[in-house]
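Okay, so we've got a single protein chain in two different forms coming up as structure tokens, structure 1 first and structure 2 after it.
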Structure 1
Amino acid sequence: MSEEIIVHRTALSIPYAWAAGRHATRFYREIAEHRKLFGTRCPRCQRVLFPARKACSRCFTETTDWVEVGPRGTVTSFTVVHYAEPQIQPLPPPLAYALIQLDGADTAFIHLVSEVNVAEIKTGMRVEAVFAESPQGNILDVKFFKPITQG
């Protein structure tokens, strides 16, 4: 007996409403109102953590000062993605991501790199944030980073 096994195809669709908290709210408000990027400083290790957060990941200590960083930074690693995952990817492939160390920050973070020939992305490349026209209060309020052509 060779019977095709029944496969139940379905999807879980469960709405959530995640509170961003005061720190992320202020972080996104600075982008929306002033087009500025902020990290927070750990009073113990003195690192400026980006994006801004309530506590230092290493010292288990509450951050104190808000420090403006970027909007320029340096690519410390990057990848070009060749597969499509349209439910999550904000841009069609080939799309590029980089670890970017913003000027004035002591941690890097991942974001998109665009307005570039992806074959020309390099470690050490200088990039700057391109802000979204109508911010929504999420990380895509920075639309992507683009290479700094001069200066």
Structure 2
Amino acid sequence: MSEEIIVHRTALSIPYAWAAGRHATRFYREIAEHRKLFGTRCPRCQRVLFPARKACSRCFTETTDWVEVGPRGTVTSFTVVHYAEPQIQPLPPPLAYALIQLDGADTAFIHLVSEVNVAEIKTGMRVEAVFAESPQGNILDVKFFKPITQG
């Protein structure tokens, strides 16, 4: 005999704080205060890692050199979201998240792509950062990326 399992649905609110660390703090401050994007170069394999990291994810060597990258880059992959999750999504659907490799960086990172019909987004598309008007010291100080229409 199979019994249906009871499922309770609720929402949790868990306030928390965390220390960003030296690398992330500098990374976020450069965006908020100077609207500049920085990665770090691995002294061993020479890859420029973006966002800036304390250690190389490939060879685990501590990074020390800061390198300005972007603000333009290339979409290397993307996904389009068609359902609404208002508490976690910064824009109403459909919205697109893309892996973007900034000029001068060897790694890609995920961010929003906006000011474009999501059906027109494609791998290889050139995009540029749009900075938030009121920076808060987090990755959303880059509000989103938009297609480069000329230049």
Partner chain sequence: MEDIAIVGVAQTKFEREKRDLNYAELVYGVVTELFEKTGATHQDVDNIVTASSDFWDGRTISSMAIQSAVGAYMKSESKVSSDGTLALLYGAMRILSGQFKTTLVVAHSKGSEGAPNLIANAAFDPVYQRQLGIDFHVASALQARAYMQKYGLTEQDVALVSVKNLANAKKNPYAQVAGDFTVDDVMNSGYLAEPIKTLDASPISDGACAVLLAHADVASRFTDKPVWLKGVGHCQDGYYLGDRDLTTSPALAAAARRAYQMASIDDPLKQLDVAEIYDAYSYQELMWTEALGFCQPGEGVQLLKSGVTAINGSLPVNPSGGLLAAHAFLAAGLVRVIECVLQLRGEAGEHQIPHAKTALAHGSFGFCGQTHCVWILSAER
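Residue indices: 1-based, along structure 1. Basically, rigid core = biggest C-alpha set you can superpose within 1.5 Å across the two forms. For clarity, every value in this text was computed on a predicted model and none was experimentally measured.
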Response to the item:
Shown alone, the chain in the form predicted alone appears as structure 2
Discussion item. After core superposition, I'd like to know whether Ala17 moves between the two structures (criterion: C-alpha shift of 2 angstroms or more).
Written reply: no
Discussion item. Once both forms are fitted on the core, what is the Cα shift for His8 between the two structures in Å?
Written reply: 4.6
